[in-house]
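Presented as structure tokens, the chain that follows is alone, the form predicted on its own.
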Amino acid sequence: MQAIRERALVCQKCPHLVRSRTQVVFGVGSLEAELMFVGEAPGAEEDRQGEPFVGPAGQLLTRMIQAMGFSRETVYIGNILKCRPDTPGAKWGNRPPRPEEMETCKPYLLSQIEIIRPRVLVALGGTAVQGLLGLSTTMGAVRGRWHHLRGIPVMPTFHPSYLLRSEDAADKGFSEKRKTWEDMLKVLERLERPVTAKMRGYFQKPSPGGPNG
């Protein structure tokens, strides 16, 4: 893994990304992880710190990982793209990776997966689904259903940044978080990890007239 990391850190294959990046964001976590999360690309904070998922979306992902009974140190977290996509003329914001950028960078991710050999992969968001599985479709059509990459089960689910944006609409935000959590319960069951009644109840709205209604 260190040899792959060293190659990635000096990669020059996408000159426009080389010019705009602060550093390459390779990946973080355990090389013996049974669970691996894959996002799309670093954002501004990730580009600054050199670690994936450390901004607001990363904080939400960390809480989700902890709720599953793991920690950032016991799973592995990476991205399809190792460099932050450039945003010429824009002072803030991010853009999704382009298909050709993902294809150029994908061999690094496949090498990471091959070394770690996680029991389950979680694809965070539609771009990660496209980059990992080659599927260009809506998340509603793929999330919550098992797919496979080189014999490894893949669970697509919503990206944490989408869940944060959905919080502006209270009912929608609650519903989308519940759907994501249901996907994570399926991951835990596939990993044969314990799922408590309390865990199953996360993001469940109390029934009208019930003790919490």
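These numbers come from a predicted model, not from an experiment. The first residue of the shown sequence is 1; numbering continues from there.
Only in words, not in the display: the form predicted together with ligand URA, which the text now covers.
The partner is not drawn, yet in the predicted bound form one stretch among 26 to 34, 183 to 191, 50 to 58, 63 to 71 has residues with heavy atoms inside 4.5 Å of ligand URA: 50 to 58. Although the partner is absent here, Val154 sits far enough away that none of its heavy atoms falls within 4.5 Å of ligand URA in the predicted bound form. Although the partner is absent from this view, Val142 stays clear of ligand URA in the predicted bound form, with no non-hydrogen atom inside 4.5 angstroms. The closest non-hydrogen atom of Gly125 lies within 4.5 Å of ligand URA in the predicted bound form. Taking the partner from the other structure, ligand URA in the predicted bound form has no heavy atom within 4.5 Å of any heavy atom of Phe174. Contacts of stretch 133 to 166 with ligand URA in the predicted bound form, defined by any heavy atom lying within 4.5 Å, are made by Met139, Phe158, His159, Tyr162, listed in sequence order.
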